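Given as structure tokens, the chain that follows is alone and in the form predicted alone.
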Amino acid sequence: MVRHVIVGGGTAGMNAITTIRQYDKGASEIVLVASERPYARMVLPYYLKGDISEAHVYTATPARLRALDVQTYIGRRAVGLDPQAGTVTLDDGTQLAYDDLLIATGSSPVRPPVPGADAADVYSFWTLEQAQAVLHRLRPGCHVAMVGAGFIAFTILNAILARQARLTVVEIAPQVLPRMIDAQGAKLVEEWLRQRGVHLRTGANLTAIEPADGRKRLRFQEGEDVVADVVILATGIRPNLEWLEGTGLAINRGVLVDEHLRSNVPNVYAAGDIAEGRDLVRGEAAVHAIEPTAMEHGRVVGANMAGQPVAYRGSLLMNIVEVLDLEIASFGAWDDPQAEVSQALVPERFAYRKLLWRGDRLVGAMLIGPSREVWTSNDLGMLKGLVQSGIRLGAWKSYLHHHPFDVKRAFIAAGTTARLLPQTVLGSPSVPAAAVAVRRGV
């Protein structure tokens, strides 16, 4: 019996397991190695806010894993890989042989290299354990200092403010969301936040985090100190690559993979944050540490491990976040300096659009607008579809150039929906994950 070993129980790993079982109905052996019980990182902000319980964070109960006929090593980490021998070594010395292997070990938060940043009572927000620690400290009226104003920070702003905490956000870059939106869009977002009581300090170079009578003092190269009850670091992530050093796998920013998400070792795959594969728009290798990519990677790898030769078109870079009822999104090559640009700003409505073109194809887009505006929520999906499909817009390019707030006409006229419908990840109708199980012994 073929033995698949999956290292990592996040979105990529669990989607791979479900897809294998969708195809092979239990004809193979699956072994899952995961340092934690499988759960969805993307729902942690909702857990912090109180919208969901801890039980709803988890994506696979022991009963579900039994239904999928998965042998588990939960609470264990992979620390070594020998591709020649076909074995993975765990942190307790256990060696697991495999016929094929999926590496889906994700990322870890990066802390700034300043004194005090590694203290136990300075929190990241990347794992369930870290989210539990932050939740334990939040109280109405307490002062939270968030270091970092990127996507991760913005996903938890709503939860912190819903807990009635006061919030100061400090960012070393001259703007918020520096890897997601441009300076013009950032000005709009910053004004929206200030009007709702969030204190912002951009261009702030943190030099130390120090104890201060049960609180924390943040010192900066310039400007006044910030004293807070809770400090959260949201200063980036990096793929968990260290354990793969010296294994012979080709590694750049991530494990380099081909269109089937295989590494340079044919029976070793990589998926999710750890994988460096094709960018759908730019065509070059990239690491996209986002939930949709992890889901798609897992599905494609699972199919290939199950003997279905499925190729992956590539990952669409996209970031969508709603903060205090303001939608902020960017897709594809939103920062391409060589692209032709169409843009429009209506500051009194906090509305901004930026479209980026190569010829008559939309290769990138940016959208900012209030969630209550119908055109904001509707246009999010349509702009994503135009970028994802790569459809030629012909004369509709000129129309969008002059009317970037009227996307619907161009989207429909160009036949974008018909182009997108056949583009399922596996090239076949999707099967609900909950419907997949191995019935014997359930």
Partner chain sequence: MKVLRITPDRCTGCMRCELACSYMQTGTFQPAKSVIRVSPFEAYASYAPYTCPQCAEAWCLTACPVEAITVSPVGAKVVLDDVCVGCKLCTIACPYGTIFYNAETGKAFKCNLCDGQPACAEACPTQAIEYVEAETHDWLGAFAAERAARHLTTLASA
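Residue numbers count along the first chain shown, from 1. These figures come from a predicted structure and were not determined experimentally.
Although not depicted, the form predicted together with its partner chain is the subject of the following passage.
Item to complete: Quick one: from S371, Q184, T94, T202, grab the residue that has a heavy atom within 4.5 Å of its partner chain in the model of the complex.
Response: Residue within 4.5 Å of the partner: S371.
Discussion item. If the cut-off is 4.5 angstroms on heavy atoms, which of these, D325, D336, D82, D121, is the one near its partner chain in the model of the complex?
Written reply: After the contact test, the surviving option is D325.
Worksheet item: Where does its partner chain sit in the model of the complex: which of 358-366, 128-136, 188-196, 312-320, heavy atoms within 4.5 Å?
Response: Heavy atoms within 4.5 Å of its partner chain in the model of the complex occur in 312-320.
Item to complete: Answer with yes or no whether E210 is in contact with its partner chain in the model of the complex, where contact means some heavy atom within 4.5 Å.
Response: Looking in the model of the complex, residue contacts with its partner chain do not include E210, since no heavy atom lies within 4.5 Å.
Worksheet item: Quick one: is F154 in contact with its partner chain in the model of the complex, heavy atoms, 4.5 Å cut-off?
Response: Although its partner chain is absent here, F154 would stay clear of it in the model of the complex, with no heavy atoms inside 4.5 Å.
Item to complete: Report whether the minimum heavy atom distance between A55 and its partner chain in the model of the complex is within 4.5 Å.
Response: Result no; A55 lies far from its partner chain in the model of the complex.
Item to complete: Report whether the minimum heavy atom distance between A63 and its partner chain in the model of the complex is within 4.5 Å.
Response: It does not: once its partner chain is placed as it appears in the model of the complex, A63 has no heavy atom within 4.5 Å of it.
Discussion item. Residue by residue through 23-60, which ones have a non-hydrogen atom no more than 4.5 angstroms from its partner chain in the model of the complex?
Written reply: Counting only heavy atoms within 4.5 Å of its partner chain in the model of the complex, the contacting residues of 23-60 are A40, M42, V43, Y46, I52, H56, T59.
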